[in-house]
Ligand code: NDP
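Taking the form predicted on its own, here's one chain by itself in structure tokens.
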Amino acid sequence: MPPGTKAMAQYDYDLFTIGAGSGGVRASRYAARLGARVAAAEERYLGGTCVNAGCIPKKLFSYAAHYGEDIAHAAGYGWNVAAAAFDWPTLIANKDREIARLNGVYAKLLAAAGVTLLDGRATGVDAHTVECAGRRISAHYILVATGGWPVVPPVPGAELAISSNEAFHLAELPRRALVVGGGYIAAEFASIFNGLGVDTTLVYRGERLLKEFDADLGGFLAGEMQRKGVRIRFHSNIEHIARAAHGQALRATLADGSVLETDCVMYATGRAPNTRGLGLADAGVKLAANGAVVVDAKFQSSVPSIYAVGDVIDRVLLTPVALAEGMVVAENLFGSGDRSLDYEGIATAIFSNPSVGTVGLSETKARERVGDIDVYRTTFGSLRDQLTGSGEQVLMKLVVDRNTERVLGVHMVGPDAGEIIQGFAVALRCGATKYQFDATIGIHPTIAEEFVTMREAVG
């Protein structure tokens, strides 16, 4: 039984979770298995952003976008493929069916763990009370796991634009698309639209894509995306969006006065913590300027009985991180009480075309932290592309502490980058050195073997 059971008996539940996304579901299930009485409320859809408007549908769209290129490249291997035709409604219907299946899986997981699931919006009343579906419910602990929501800048005509949320449900595939942003969502959707045959332009106010990552990644990715047909306009931003004089077309006026005509403007310019209207401030919970719940290392807010995990705390906006944070909360409240989370060395991938995988420190961060480093970098055409005529290039990079030989960062742009980097994330977690990389015999012929064959530092 969880600690403090007698004290918690005065409440309807030991834990009440607001939001049944990745972090909320994981914390609720784990807490219930530790003996806690748990309820979770969800007003929108089970599984949160990841399952419904993020990781899963986006990866399915990314797969779809690659098939056209794969079919074209098949000719180099002797396949005589008839002219391919893509059907957007089929993709949407099949995607929706898979999402519905996953929604059902989440419901079953909660039920199997003994978690009471409430369908509705829950808001905080005080330190131990929430209101949901017209009734007040008490809990010893409250967990806020409401995620984030796309932000569309308030430019004139912004109501004519969409975010990634709406992109998953477009009635028809646009002939032309204008994607605004330079982060991973912008790069991914520009690649998706382009891969599905949409005339695609990416507009970004900065000087390079993926500014939060190693500088080589964004620059190399932009070059490859442009080679594949995406037009990228750096140092640009939209000043105004309006309907064109004909049909449903849109006219986006940029800061330099130029006008781009398109059928769809999609903003991928960031997300904000989803705390508006939750009553958290009224309950005494301290919020950051952007609405994020301010928490400590144990994910406890300024109100001792209220915790928060996932995108709503605006730390690392990744599903596996939310899952890990949820486990920490459940274990610390109802288990051993000594679990923590280390944010160092979290691997991630961008499912653009080509894809990006990265773990550890960027070259810049490594120089700031340890000073003397060695950089190993290589670019090449993979064996697969030698018969396709595509000219696609791969970038692979290692950042190494010169004094200790420890590998500090592993970065890649190329096919299956996420799959490859996952394994190297384990190596970095174990403190692998460049000597150990060099002593590892590679698998030939693969792209991944380049990470254990780079011998000459370039910087």
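Note that this is a predicted model, so its numbers are computed, not measured. Residue positions are given as counts along the sequence shown, with the first one as 1.
The discussion below concerns the form predicted in complex with this ligand, not included here.
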With this ligand left out here, work out from 181-189, 284-292, 194-202, 243-251 which stretch has heavy atoms within 4.5 Å of it in the predicted bound form. 181-189
Find the only residue in T269, S362, Q300, S382 having a heavy atom within 4.5 Å of this ligand in the predicted bound form. T269
Identify, from the list R369, R227, K211, R136, the residue with a heavy atom within 4.5 Å of this ligand in the predicted bound form. K211
Using the partner position in the predicted bound form, report whether A349 sits within 4.5 Å of this ligand, counting heavy atoms only. yes
According to a 4.5 angstroms non-hydrogen atom cut-off, is G345 in contact with this ligand in the predicted bound form? no
Using a 4.5 angstroms cut-off on non-hydrogen atoms, would N103 count as touching this ligand in the predicted bound form? no
K58 versus this ligand, in the predicted bound form: is there a non-hydrogen atom within 4.5 Å? yes
Report whether all of A215, T358 and G442 sit within 4.5 Å of this ligand in the predicted bound form, measuring from non-hydrogen atoms. no
Residues of 138-167 having any heavy atom within 4.5 Å of this ligand in the predicted bound form, listed in sequence order: P153
